[in-house]
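In the block that follows, a single chain appears as C-alpha cells, in the form predicted alone.
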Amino acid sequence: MYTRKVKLYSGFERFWHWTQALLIIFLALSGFEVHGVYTLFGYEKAVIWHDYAAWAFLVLIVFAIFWHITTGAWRQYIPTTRFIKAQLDYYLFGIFRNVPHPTRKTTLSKLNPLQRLTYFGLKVLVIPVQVISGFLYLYYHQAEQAGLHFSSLSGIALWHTFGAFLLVAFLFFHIYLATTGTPWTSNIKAMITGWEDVELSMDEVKEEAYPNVVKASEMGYYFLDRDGYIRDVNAAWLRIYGYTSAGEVVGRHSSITRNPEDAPLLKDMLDQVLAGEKIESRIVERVGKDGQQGKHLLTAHPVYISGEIAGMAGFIVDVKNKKEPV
C-alpha cells in the first residue's frame, strides 16, 4: 500500500469536531443526571449547566452551518448507495481479516458511503429533533403563552431522551471506528493535527513516479503542444541538442530543432500524432543549438488532457550516426 500525507482537516473542522464531541458528552452527562440516573454535579447545577451547554451547542451549530455552506463542505454528506454494501461487509467481516478498505479518503471525499448516510441522518434528523425538543422543553410555558400548544411536556421529554440515546450510541460507535486505523491512533491523530496518510491508487502512484523517471532518464524527453511549440524537455534532451537550460527552448517552436527543408516532415509527424496515432520508432535528423547536425531515434505518442489530445510527447535517443534499419 502506498500513501501520501495530506492536510485533510482544516482548523475549523478540528475545532468544530472536538467542541461538538465535548458538548455532546457534557449534555449527556448532565441530562441523564436531570433524569435521576445518577448524581454527579447535583440536580440544580446539572439543570443550569445543561441549559448553558445547550446554548453553546446551538451557537456552534450556527457557525458550522455557515462554514459548511460557504466552503461547500456540505457536499461531503450527500448520501450515496454506491459501495455501501462493500463498506458494510468491510465493517462486519473484512476489517477482522485485514482486507483492503473498499473506499479511499480524499480532500473532496472524506467520508465513506456508510458515514455519509449516518452523518446525513444525524444532521437532518437526530440533532434537529434534539435541539428543537430541548428548547421546547426549556421554554414550554413561554411557547404555550405565545399560542403554541403541544400535547404534553412528557411527550417532548420522551423525544428528547430518545434522541439522547441515539447520540450516545453514535458516540460509542464513532469512538470504536476511530480506533480501526493503522496504527489504531492514526484517525485520532489526524483529527488533532489535520494531516492524514491517505492511500494512493495505482494510477496516482504512476503519476507520482512518472515525472521522476522522466527527469532522471538518459533518454531525451519532450512535449510539444498542438501547434508544435516546445512545452517541456528533460536534461537528457537538452544534452543531446547542446542546450544548457530548458528556458532556452521552452516556448519556442520545434522547427528550431530541424533543417528548414525538414519542417514539412515535422508537421506531418505532428498531424499524425494529433490524429491519435503513435510513432514507435523513427530516425530523424536534428539541428542542435550551435547548428551541429545529428540523428536520433524518436518515439511520439498523443497526450490526452480531459479526454482531448493536447499535443505529443515522447523520447529521443542519439544514434551516433548509426544507419537506419531497413
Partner chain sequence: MKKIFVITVMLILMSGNSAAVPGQQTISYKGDRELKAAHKPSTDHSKLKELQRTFNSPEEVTVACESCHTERHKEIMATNHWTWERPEKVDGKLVDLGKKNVINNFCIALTSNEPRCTSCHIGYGWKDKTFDFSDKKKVDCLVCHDRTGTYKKFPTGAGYPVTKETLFMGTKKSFPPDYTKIAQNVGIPTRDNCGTCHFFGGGGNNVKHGDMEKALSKPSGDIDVHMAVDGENMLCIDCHVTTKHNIKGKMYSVSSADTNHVYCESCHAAPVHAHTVLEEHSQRVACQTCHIPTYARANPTKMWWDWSKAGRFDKNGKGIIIKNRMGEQDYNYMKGEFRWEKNVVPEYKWFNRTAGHTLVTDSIDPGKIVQLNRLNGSYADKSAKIWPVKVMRGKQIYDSEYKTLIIPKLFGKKESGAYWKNFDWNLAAEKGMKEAGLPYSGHYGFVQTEMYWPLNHMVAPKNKALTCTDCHSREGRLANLTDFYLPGRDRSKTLDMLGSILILLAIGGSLTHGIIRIVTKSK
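The shown structure was predicted, so the numbers you read here are calculated from the model rather than taken from an experiment. Residue numbers count along the first chain shown, from 1.
Missing here is the form predicted in complex with the partner chain; even so, the following discussion is about that form.
The contact residue chosen from 265, 297, 47, 287 relative to the partner chain in the predicted complex is 47, the criterion being a non-hydrogen atom within 4.5 angstroms. Screening 275, 40, 59, 69 for any heavy atom within 4.5 Å of the partner chain in the predicted complex leaves a single hit, 59. Within this chain, residue 210 is remote from the site of the partner chain in the predicted complex, having no heavy atom within 4.5 Å. Under a 4.5 angstroms non-hydrogen atom cutoff, the partner chain in the predicted complex lacks residue 243 among its neighbouring residues.
Mapping the unseen interface onto this chain, residue 192 falls outside it, with no heavy atom inside 4.5 Å of the partner chain in the predicted complex.
Contact between residue 91 and the partner chain in the predicted complex is found at the 4.5 Å heavy atom cutoff. From the list 297 to 305, 28 to 36, 279 to 287, 266 to 274, the contact stretch for the partner chain in the predicted complex under a 4.5 Å heavy atom rule is 28 to 36. Contacts of stretch 165 to 182 with the partner chain in the predicted complex, defined by any heavy atom lying within 4.5 Å, are made by 165, 166, 168, 169, 172, 173, 176, 179, 180, listed in sequence order.
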